[in-house]
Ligand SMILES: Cc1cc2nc3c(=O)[nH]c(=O)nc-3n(C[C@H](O)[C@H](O)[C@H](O)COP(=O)(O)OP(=O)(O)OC[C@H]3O[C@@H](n4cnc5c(N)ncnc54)[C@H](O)[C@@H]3O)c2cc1C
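Given next, in structure tokens, is a single chain: the form predicted alone.
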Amino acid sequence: MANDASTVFDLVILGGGSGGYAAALRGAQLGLDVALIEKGKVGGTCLHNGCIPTKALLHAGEIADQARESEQFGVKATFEGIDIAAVHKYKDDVIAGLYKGLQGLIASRKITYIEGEGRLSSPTSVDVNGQRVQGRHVLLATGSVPKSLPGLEIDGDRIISSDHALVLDRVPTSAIVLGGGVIGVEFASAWKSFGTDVTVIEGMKHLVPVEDENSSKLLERAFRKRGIKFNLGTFFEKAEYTQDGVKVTLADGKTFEAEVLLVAVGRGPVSQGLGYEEAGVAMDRGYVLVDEYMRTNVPTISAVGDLVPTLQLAHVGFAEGILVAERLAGLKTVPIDYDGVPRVTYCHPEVASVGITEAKAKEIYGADKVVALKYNLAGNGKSKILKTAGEIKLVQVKDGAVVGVHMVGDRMGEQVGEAQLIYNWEALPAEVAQLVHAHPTQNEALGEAHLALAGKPLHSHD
């Protein structure tokens, strides 16, 4: 292995996904000499196999639904079907534009970009393409891949992962989605809009089980109305091929059949065989363990993104990468409050939240110290115009700050920005109630909810 000792970077980053490239961009901006190593395409899962392509599919599905339902708005339109090749072209064009822009950013910041499969070779070096890249600090950001269950082989044919689903050359006539979390309900939503007969299998008691129970129930109600079927509270047992599809059997003996089975049971860290253990990095179940400043137990190594056991969200990766770059550049850094990170599930309707659930608040503060208020979007003019239903639920510590905002309804992901300010600035309901929200907007619903919580409801009942 060649060792070019003449070049020692300030920061060597293994992995060019959200966390890795954010650290590279911010580090270079702060004057660090940065090398970024990526075996695929810079942008990682989010840009190429996750956030961006799935949202493009969901938007195409939204357009299909609008065409079907246009007469509700007095517009006569004809829905003639889905041209999946054209949908993929639209999706791929979005990705290509963002990818080109990101490549330009990397080049403009004078980051040394190395395409190849890297491996940690010491606490201060990464081997790639037959060369050893030396750094004063190494950042591990190798991300995640779709997981499966014991005994369930994802073959890319009838049993597929989200990666396969994003490039499927047809709209399946029927699909079973194994997993009712974010990935599962987003694909279920998009496929239903495309005309697929969808059934979601979730072993927990509710869809999107990490969300506030009220949000889960509202989503389940909306899915029933849309004709998306789901089975809750019973775990998967086995899957087998039928003559023309797949049969899934649950632990209680119940069976389901469909053309394809999408395995959406989460994502696991990419860490095996990359030299982490050999370098002495502490790990647990494949995840790299870090402290609140993203430092591993090895002083010269940090880790970020899906590789560490924090929220698997692109914007969390961005924040963690920036934190590492700023820490290494000598700036004062503040640990991330993961409860204060906005979370959005982009199905129809959307589920958005920030802060803690009502159940968690009661656990922390005591049931008698927690106040919850629900504001129905039926009282919001813009939501009526859009014909969307849902609620905004606020969770407050009695006589104190709002500690949770939970929203269900179309476009609620666009309202979570203000919600995160309310949580992170520990706002009192009366303080938010003083702010004037534009009318008619869906954003106004957040203001109305806080007016009600402050004891002076306007377009809602006392």
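Throughout, we count residues from 1 along the sequence that is shown. If you're wondering where the values come from, they're calculated on a predicted model, not measured in any experiment.
Omitted from view is the form predicted in complex with this ligand, to which the following refers.
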- request: Spell it out for me: taking this ligand in the predicted complex, does every residue among Thr45, Ala141 and Asp306 have a heavy atom no farther than 4.5 Å from it?
  value: yes
- request: Have a look at Gly116, Gly340, Gly195, Gly275 for me and say which one sits with a heavy atom within 4.5 Å of this ligand in the predicted complex.
  value: Gly116
- prompt: Where does this ligand sit in the predicted complex: which of 321-329, 102-110, 297-305, 215-223, heavy atoms within 4.5 Å?
  reply: 297-305
- prompt: Is there any non-hydrogen atom of Val12 lying within 4.5 Å of this ligand in the predicted complex?
  reply: no
query: How about Arg411: is it within 4.5 Å of this ligand in the predicted complex, going by heavy atoms?
result: no
field: Contact flag, Thr357 vs this ligand in the predicted complex, heavy atom cut 4.5 Å
entry: no
query: Is Ser383 close enough to touch this ligand in the predicted complex, meaning at least one heavy atom pair within 4.5 Å?
result: no
Partner contacts for 341-372, taking this ligand in the predicted complex and a 4.5 Å heavy atom cut-off: Tyr346
